[in-house]
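Next comes just one chain, in structure tokens: the form predicted alone.
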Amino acid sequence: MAEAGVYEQILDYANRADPYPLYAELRRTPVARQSDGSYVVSGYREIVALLHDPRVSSDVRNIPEIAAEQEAGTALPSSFIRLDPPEHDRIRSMMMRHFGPPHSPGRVDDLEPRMLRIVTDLIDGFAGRTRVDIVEDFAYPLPVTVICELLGVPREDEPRFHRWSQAIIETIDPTTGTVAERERRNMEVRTELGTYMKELVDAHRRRPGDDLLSAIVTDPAVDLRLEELLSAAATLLVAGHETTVNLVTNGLLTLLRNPRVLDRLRHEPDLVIGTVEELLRFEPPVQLLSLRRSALADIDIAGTTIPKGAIISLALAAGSRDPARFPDPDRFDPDRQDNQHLGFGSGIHYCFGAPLARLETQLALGELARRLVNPRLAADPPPYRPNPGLRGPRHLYVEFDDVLPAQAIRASPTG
């Protein structure tokens, strides 16, 4: 059918550089049955409704192919992001005790000086050069360093968890195999990652620091089984940097394509807040939530009935450009009002690390805008990563004339 063809084109790497015309075509049928019996939802109103609908399950054990793999395996249990209430709510609330309000309201804000230092040091490293790869030289090392320091993960272990992160990210790419095949690979990686996280948790119990893992493992009020803790911590480690890499990279790419906004950002520092929110709508790092949700009952929506047991994919990037919700949706507008985008999802599974990602990206783009002299793209479009769900450039080569000193920028009247 036509809708299946459109979705398959979106998954096709040939359309990775600009999937948005295809998303617009997909929205013509906001709830579309695919040839495999799954449903793809692309309208803003429909996506929000399903993200808040208790009849839509995030518990992958409700998907028979995944349940069979999990029963046969010995990997870590599913992370809380792949569970439903009450299990999801209990684990998430325990992990949140030392990450945000009400128990630890200052955890993220207190990181700002350190994050700014990391951003400054990375840009200082551009000195004497006129071309850098923003991904390798900036957008990847920034969130990796931040998440390591936040969780208490040794920075020198990065090569190990980078390999695991890449393998896990690949398993959520619907083009890399059947649901069962991808779950099998996911479990293999989670087994290795779980062993590593247990070593880390044991070390933090013996010698607690001022990091998030130490706070969690030494708090008697955190009532989690060891396997739940390891699974949740592994999720934070992987998700805590992978999506931010794309957000920062997509952000600079979009600013270089919109030079007037970039120039405003140099002279209006507060504009970075609206800029990042608009980036989350316009070029979201998470474009698809695919093949991980299922219907617990028949659901009537947009003139279609999603039958009980059907797998549901949510095209967040399509919803965030829905003209029925966002006027002139294909225009990048940092002054956009009422910008209730889907960049961090919605409902009970709203992104756990959203405050951290927002602050990292605000600091990163603000400093890049103010310090790089005459930045420009070396190639447009850049080469993209293969994953259609977590979409972002594999490399982003940027040329510039000079790098201004951070001290001079902060001493200027506008910076």
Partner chain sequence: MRVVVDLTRCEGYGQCAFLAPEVFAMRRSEALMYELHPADSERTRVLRAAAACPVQALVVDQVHTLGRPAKAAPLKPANGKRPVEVGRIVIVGASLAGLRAAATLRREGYAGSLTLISAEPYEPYDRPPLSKQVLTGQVAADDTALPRRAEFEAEWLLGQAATGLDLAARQVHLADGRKVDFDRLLIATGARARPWPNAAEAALDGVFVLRTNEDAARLRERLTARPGRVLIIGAGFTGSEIASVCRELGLDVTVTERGKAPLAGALGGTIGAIAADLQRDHGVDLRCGVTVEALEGDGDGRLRRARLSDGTTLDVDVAVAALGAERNVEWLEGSGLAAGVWGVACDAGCRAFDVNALVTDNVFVAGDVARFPHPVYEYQFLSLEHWGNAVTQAQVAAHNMISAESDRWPHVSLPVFWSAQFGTNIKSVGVPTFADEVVIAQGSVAERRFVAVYGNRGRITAAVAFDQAMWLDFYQAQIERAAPFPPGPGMVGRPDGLQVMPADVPQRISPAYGATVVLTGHNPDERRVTLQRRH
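Numbering follows the first chain given and starts at 1. The model shown is predicted, which means the values in this text are computed figures rather than measured ones.
Only in words, not in the display: the form predicted together with its partner chain, which the text now covers.
Peer 1: With the partner removed from view, which of 376 to 384, 34 to 42, 359 to 367, 63 to 71 is the stretch that lies within 4.5 Å of its partner chain in the predicted complex, judged by heavy atom distances?
Peer 2: Heavy atoms within 4.5 Å of its partner chain in the predicted complex occur in 359 to 367.
Peer 1: Its partner chain isn't shown here, but in the predicted complex which of Ile172, Ala297, Ala203, Ala310 has a heavy atom within 4.5 Å of it?
Peer 2: Going through each option in turn, the one that passes is Ala297.
Peer 1: Could you check which residue among Thr176, Thr130, Thr305, Asn339 gets a heavy atom within 4.5 Å of its partner chain in the predicted complex?
Peer 2: None of the other options qualify; the answer is Asn339.
Peer 1: Taking its partner chain in the predicted complex, would Pro21, Asp263 and Pro393 all count as contacting it (heavy atom within 4.5 Å)?
Peer 2: No: no residue has a heavy atom within 4.5 Å of the partner.
Peer 1: Is it the case that Ser57, even though its partner is missing from this view, gets within 4.5 Å of its partner chain in the predicted complex, heavy atoms only?
Peer 2: Yes, Ser57 lies within 4.5 Å of its partner chain in the predicted complex.
Peer 1: Would you check, heavy atoms only and a 4.5 Å threshold, whether Glu136 touches its partner chain in the predicted complex?
Peer 2: Because no heavy atom of Glu136 falls inside 4.5 Å of its partner chain in the predicted complex, the answer is no.
Peer 1: Does its partner chain get within 4.5 angstroms of any non-hydrogen atom of Ser346 in the predicted complex?
Peer 2: Contact with its partner chain, yes.
Peer 1: Can any non-hydrogen atom of Met96 be found within 4.5 angstroms of its partner chain in the predicted complex?
Peer 2: Met96: yes, in contact with its partner chain in the predicted complex.
Peer 1: Could you run down 104 to 133 and flag each residue that has a heavy atom within 4.5 Å of its partner chain in the predicted complex?
Peer 2: Heavy-atom contacts within 4.5 Å come from Pro105, Gly106, Val108, Asp109, Glu112.
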